[in-house]
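Here we start with a single chain on its own, the form predicted on its own, put down as structure tokens.
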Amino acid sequence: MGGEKPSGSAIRRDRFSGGPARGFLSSLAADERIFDADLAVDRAHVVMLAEQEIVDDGSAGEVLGALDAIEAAGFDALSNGEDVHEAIEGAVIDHVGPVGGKMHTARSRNDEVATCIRYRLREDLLDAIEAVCGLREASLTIGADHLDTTMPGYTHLQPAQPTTVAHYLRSYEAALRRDTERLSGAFERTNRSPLGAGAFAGTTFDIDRERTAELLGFDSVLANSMDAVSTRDFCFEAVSALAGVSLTLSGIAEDLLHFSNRGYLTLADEYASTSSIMPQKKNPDTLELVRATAGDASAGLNGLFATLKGLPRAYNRDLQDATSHVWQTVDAVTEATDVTAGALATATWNESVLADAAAEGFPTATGVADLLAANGLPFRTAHEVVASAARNLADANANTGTGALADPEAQLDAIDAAAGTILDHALDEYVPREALAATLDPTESVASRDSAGGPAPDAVSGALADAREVLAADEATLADRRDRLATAEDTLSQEVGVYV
């Protein structure tokens, strides 16, 4: 019996081999996501063990060959084990016998699982960054086509000042740029290796942690072994950054739903649906689901926070449940970002409807007050004159339904009347009627607002050019990171080939 080949299920022997809690402890069903990550981590660890002469080359070759066979069979071929890590180790032992037990030399599941999570999450973060960059690209492309397309701008969902489609979209591109920065920072702090930290107190073996980090494409090693296995702040940072993206997406979705309702834009059929009973309906369902993604992300962030709160150092099994919040959030937000980019890129902006709406509600009132102030009237007095005119226009509009709030002649008359009541001098002593008439025009109003960050076409054109430079740099960083990970993967494959 002494030479009998042990099964993988006997890794921790009979004391912990069964019982009703076994299924409760298991995360195997949810571990498919990190199957490839675990194989990579196992390979890098075994290569390092061989290089450090902790494991002989022949044993390393047998183990690495078994890992190849397990990869070829796929995740579904795994059976026994509390998690994918134990299941793979058990399968290795099933393939090559007791020598397979050497694979776990100088490591714990604690540092192993932490490494696998980081290995997979960094790829997911790059996918999320790519999706956000795609949405930024869509907003910049559409903006460049609509530098002169006036539209209403809102505060409190009330018409406020005219702006342009380009200026509006650039506002979200700016937010998405910051989202990219936060995701990029999360990637940087995720791409650090905990492998070699052991259970939390390191190991007595002469391992080379920098070597495994290099083989796995990590930028650095987490210095403190206790911190390395216990921390999940990188998960919290990633989910927090993703939740931030979801907030931006929710705002975009809400705006586009409002614009669709008002006829300002028309969604492509691919991003809408119809009713099962009302054949005339075209519903913006995809955007409603995008808006709901913020709820999913918030739930993930809160769930992760609650799981991590108050955990003692070092490793606790609570951490097993933490990762589900991470995977669900990154999947939901990345998909919603892609959908938003598609909906935005294929939508049609109805320019004539937008232009008419840009004139509604006396939106150039601020420009009139600015003009009066620029010509010698104290701004507060100018504000009072225009506010009085706006009240009179609103009353006339409500009483007669004549559309006085959007009628330039009615606006001029109302301003004249208010000035006659409030000022000691005639209004034309401050500003000619012709100058006022030009200020009341939404297109002229927009063109006059050429301060840095303003909606004037020239100002926005420069801002779009600057934004494209930043986007190109972010995309280059993304490509470089992907290349570095691919290079590490190739290097690991070559090193494995030395032994197999």
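This is a predicted model, so every value here is computed, not measured. Residue positions are given as counts along the sequence shown, with the first one as 1.
If you look for the form predicted in complex with arginine (ARG), you will not find it shown, but the lines that follow are about it.
Participant: Though arginine (ARG) is not shown, can you say which of 320, 298, 203, 307 has a heavy atom within 4.5 Å of it in the predicted complex?
Facilitator: Looking at the other structure, the residue within range turns out to be 320.
Participant: Arginine (ARG) isn't shown here, but in the predicted complex which of 315, 154, 172, 349 has a heavy atom within 4.5 Å of it?
Facilitator: Exactly one listed residue reaches within 4.5 Å, namely 315.
Participant: Could you confirm whether residue 110 comes within 4.5 Å of arginine (ARG) in the predicted complex, counting heavy atoms only?
Facilitator: Yes - in the predicted complex, heavy atoms of residue 110 and arginine (ARG) come within 4.5 Å of each other.
Participant: Just checking whether residue 83 would be counted as a contact of arginine (ARG) in the predicted complex - the rule being heavy atoms within 4.5 angstroms.
Facilitator: Heavy-atom contact with arginine (ARG) at 4.5 Å: present for residue 83.
Participant: Using a 4.5 Å heavy atom cut-off, which of 358-366, 146-154, 203-211, 102-110 contacts arginine (ARG) in the predicted complex?
Facilitator: Checking each option against the 4.5 Å cut-off leaves 102-110.
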